[in-house]
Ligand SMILES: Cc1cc2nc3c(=O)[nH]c(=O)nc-3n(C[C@H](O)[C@H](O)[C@H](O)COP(=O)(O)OP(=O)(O)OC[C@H]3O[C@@H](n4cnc5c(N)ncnc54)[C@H](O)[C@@H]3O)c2cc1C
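A single chain, nothing else alongside it, follows as structure tokens in the form predicted on its own.
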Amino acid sequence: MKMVRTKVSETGERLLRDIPVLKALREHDRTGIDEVLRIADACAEFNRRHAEPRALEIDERVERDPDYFDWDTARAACKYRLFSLVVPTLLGGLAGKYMLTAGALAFDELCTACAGIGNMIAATALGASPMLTPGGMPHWDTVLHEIVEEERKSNPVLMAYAITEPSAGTDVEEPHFLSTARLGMEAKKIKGGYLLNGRKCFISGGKEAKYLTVCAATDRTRPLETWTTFLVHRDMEGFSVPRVERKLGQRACHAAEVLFENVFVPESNVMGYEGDGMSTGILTIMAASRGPVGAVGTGIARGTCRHFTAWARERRNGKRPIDEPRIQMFIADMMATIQESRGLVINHSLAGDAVFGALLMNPMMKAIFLLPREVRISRPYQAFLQTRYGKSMAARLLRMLVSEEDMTRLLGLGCLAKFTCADNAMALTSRALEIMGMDDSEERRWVEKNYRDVKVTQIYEGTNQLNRLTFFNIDIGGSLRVELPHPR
């Protein structure tokens, strides 16, 4: 039987050329890889039509008015279903068999145009991630469903992930440090739920988010044992956003301080068990999300390479910089660095797809969603998922489909990709800016913006120093292991 060859877009052809492993995988799974290529192509089109024409303007406007947020660009992203990247296909989203690979290539592509706009989209993906664990299943047919349905109406439902505190940043992302962290926020158990009091800071997308997944200790004297993940709606009484930061880079996505003053969160909004927030609320999420931060850095590096090369082709004083051997060698170095970074990102992504793809595409998981949605959102079904027996069933499902060894290895690969790609992009962009000097061209403006955008990739999702320590503790020291929740 003759095989039908589906047409691949220009973006897809470039990816198949630049990432040979995708081409090899496509020979075995054409449908799955073509969907990945289609998502990357949608991101490239979004860049051409919306991000690139607006990026410099948005950056300059937010510098003047830090509270400004460009909702038009967010609504435009809905047309390309970019807020559905993390929502399972079972719910009508785009997260399927190659969810991490598709996400990584999407953020790589988006950040070639503007890392701030890319981070606006990534912040929602990160905020929604805790709900993808079995402990978040009660909210699949409510919050995740709402993201998909409202996106179809060009009405973006944004999310944020709130873990950093004014006196505890990197501390809260690693078990050894959390045990001695100086926490200011606490969740007090009361009848029917919890009262949240305290502050979170530097929260990407926190000002515009409709929903936030929030990590807090129920006992600040025992943070490691009581770290818990909550789902918070911005309209809950006592929640506020007192300030947004004046940012150096990635200005299109706000970094906000969020305040909790006796915010009541019902027990139904606890993700999984009380006290398992470090395992499924942070380490599992970081295992999935640190690789995509490497993709953000790689995208910025690619954007810098593109703008620098365009600058080098222009004549100055009768000469083109690109005709000089030193410039040719630097461009070759940039391309080599980008290939190195992409390799680390793809290694992490494919390893992650083997873990999370197995979870989301498992026949048992699919069987659950054969139930009519009316049943899944019914009060008895939702109440069952919130019972100890329902949570125990979810924990058993997670442990049956995902091994702690694979999750721990994935976290290590994510840390490796994160700190390497971020450092690579910082060094590459800094060197490009030095060579361009004080030139006042449009291309230099883009590279200067990339220089400001790239710095934070060395800081968020855990500083690069923490990521190095985590990688060492996993791969060399053997002192760190992701422990999945046990049924209770």
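Predicted model only: the values in this text are computed from it and were never measured. In case it trips you up, residue 1 is the first one in the sequence shown, and so on.
Just so it is clear, the following notes concern the form predicted in complex with the named molecule, a form of the same protein that is not shown.
Out of the listed residues 302, 247, 342, 391, 247 is the one that sits within 4.5 Å of the named molecule in the predicted bound form by at least one heavy atom. Exactly one listed residue, out of 273, 194, 80, 202, brings a non-hydrogen atom to within 4.5 Å of the named molecule in the predicted bound form: 202.
Heavy atoms within 4.5 Å of the named molecule in the predicted bound form belong, among the stretches 162-170, 91-99, 380-388, 217-225, to residues of 162-170. Among residues of the shown chain, residue 15 is not one whose heavy atoms approach the named molecule to within 4.5 Å in the predicted bound form. Although the partner is absent here, residue 465 is a contact residue: one of its heavy atoms lies within 4.5 angstroms of the named molecule in the predicted bound form.
A residue is said to contact a partner when one of its heavy atoms sits within 4.5 Å of a partner heavy atom; residue 446 fails this definition for the named molecule in the predicted bound form, lying far away. Mapping the unseen interface onto this chain, residue 46 falls outside it, with no heavy atom inside 4.5 Å of the named molecule in the predicted bound form. Proximity of 296, 327 and 428 to the named molecule in the predicted bound form is absent: no residue of the three has a non-hydrogen atom within 4.5 angstroms. Residues 456, 459, 460, 461, 462 of 429-462 are found to place at least one heavy atom within 4.5 Å of the named molecule in the predicted bound form.
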